[in-house]
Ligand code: ADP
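First, one chain by itself in structure tokens, the form predicted alone.
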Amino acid sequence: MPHLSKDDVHTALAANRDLASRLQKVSACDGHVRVTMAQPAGSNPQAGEIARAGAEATIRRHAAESGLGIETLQVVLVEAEGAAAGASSTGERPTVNQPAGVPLKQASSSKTVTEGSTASGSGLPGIQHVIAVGAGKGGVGKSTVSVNLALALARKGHSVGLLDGDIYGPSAPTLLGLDGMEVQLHQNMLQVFNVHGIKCMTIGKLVEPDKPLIWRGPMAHGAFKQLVEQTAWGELDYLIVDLPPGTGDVPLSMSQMMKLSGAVIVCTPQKVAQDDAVRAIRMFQQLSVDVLGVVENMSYFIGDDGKEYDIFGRGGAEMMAQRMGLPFLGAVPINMALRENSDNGDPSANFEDEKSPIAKAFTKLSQNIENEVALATMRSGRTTLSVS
């Protein structure tokens, strides 16, 4: 197998103007490749790291597509004056796995995206309402609820975006069938995926799918900030934000960046899930974010014979919501079709039969959330969307 050459590296990076402009030096010998990228003095360090990791992913992808071998590949980031940044003098990679794929614009310049733009209810240009979907623990179906809620709102005629903000475990690429799509960059802005009647952006399409994201708090904050501010969302009635589970850095970052219309908490009926959901609710309340209500996911199982089975103790999350004085937004069942459609990346199939339990559950959920958003908006003194 022929090895990757210097010319191959230049060819791989030439298609991306930002990466090509950063390229300083390439050395290649018998498959051992070292690439030096520029970090402009005084620029945001994380933006440089994202570009460095993006260059590495781009080079490896080009090599794989061209049938070229790589023994070792080092992509080193150095400041313009020559001092190392983000890599040691020996060229070793940082120990933290950085996002790979399409590099994002530097966070320090992202203010130009919002300054001078028309104000909106969310504080983001063109976006009226931002709804966070959170959960106290993983595995409760938060991402499934986020995706199908977005589709249900879109089917009612709203312009809807979905931000997969689950930095550590993005699910949108699978749930929305994005595997064959590539992120496009235009004027240093990420272009959304238009799928199933909604607009979507996910960190899952900016990283290598099999690599873990081992990020400390500031890194997660920076990545989420860039996803929010450097995605070309256009005009939206609703932006649904699928959060990581728990009460970590991303919800805090989100509350600082934008004005939320409210948060939706997803919980399964079990007591152990309720305990963690209460913590998530208290977090949003401490951040002065309206909790729009609670969704009980996997409320019951529907067998092929149509019979319902309360395998997790149906009604537990509803009782928790009542105890905390919060609206109960609805119960979502689980059945084979929902699982199959999720695995196949075809959530639109959940709505083909409007009378199916899944379609009815998410349609009712979207209506209840519309109503709660309208009430929350009225309480805050802002204008609202009309609610049918």
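All residue numbers are counted from 1 along the displayed sequence. All of these numbers come straight from a predicted model, not from anything done at the bench.
Below, we refer to the form predicted together with adenosine-5'-diphosphate (ADP), which is not included among the displayed structures.
A.B. asks: From the candidate stretches 326-334, 51-59, 31-39, 346-354, select the single one in contact with adenosine-5'-diphosphate (ADP) in the model of the complex, where contact means a heavy atom within 4.5 Å.
C.D. replies: Careful reading of the contacts points to 326-334.
A.B. asks: Is adenosine-5'-diphosphate (ADP) close enough to Ala132, Leu260 and Gly293 in the model of the complex that each of the three has a heavy atom within 4.5 Å of it?
C.D. replies: No, the candidate spot makes no contact with adenosine-5'-diphosphate (ADP).
A.B. asks: From the list Thr231, Gln274, Thr202, Thr144, which entry has a heavy atom within 4.5 Å of adenosine-5'-diphosphate (ADP) in the model of the complex?
C.D. replies: Exactly one residue meets the criterion: Thr144.
A.B. asks: Would you kindly say which of Ala47, Ala361, Leu338, Met320 lies with a heavy atom within 4.5 Å of adenosine-5'-diphosphate (ADP) in the model of the complex?
C.D. replies: Here the answer is residue option Leu338.
A.B. asks: My question is simply whether Ile198 lines the interface with adenosine-5'-diphosphate (ADP) in the model of the complex - judged by any non-hydrogen atom within 4.5 Å.
C.D. replies: The answer is no: Ile198 has no heavy atom within 4.5 Å of adenosine-5'-diphosphate (ADP).
A.B. asks: So, in the model of the complex, is Met298 in contact with adenosine-5'-diphosphate (ADP) at a 4.5 angstroms heavy atom limit?
C.D. replies: Flag for Met298 set to yes.
A.B. asks: Even though adenosine-5'-diphosphate (ADP) is not shown here, does Val140 get within 4.5 Å of it in the model of the complex, heavy atoms only?
C.D. replies: Yes, Val140 sits close enough to adenosine-5'-diphosphate (ADP) in the model of the complex that at least one of its heavy atoms falls within 4.5 Å.
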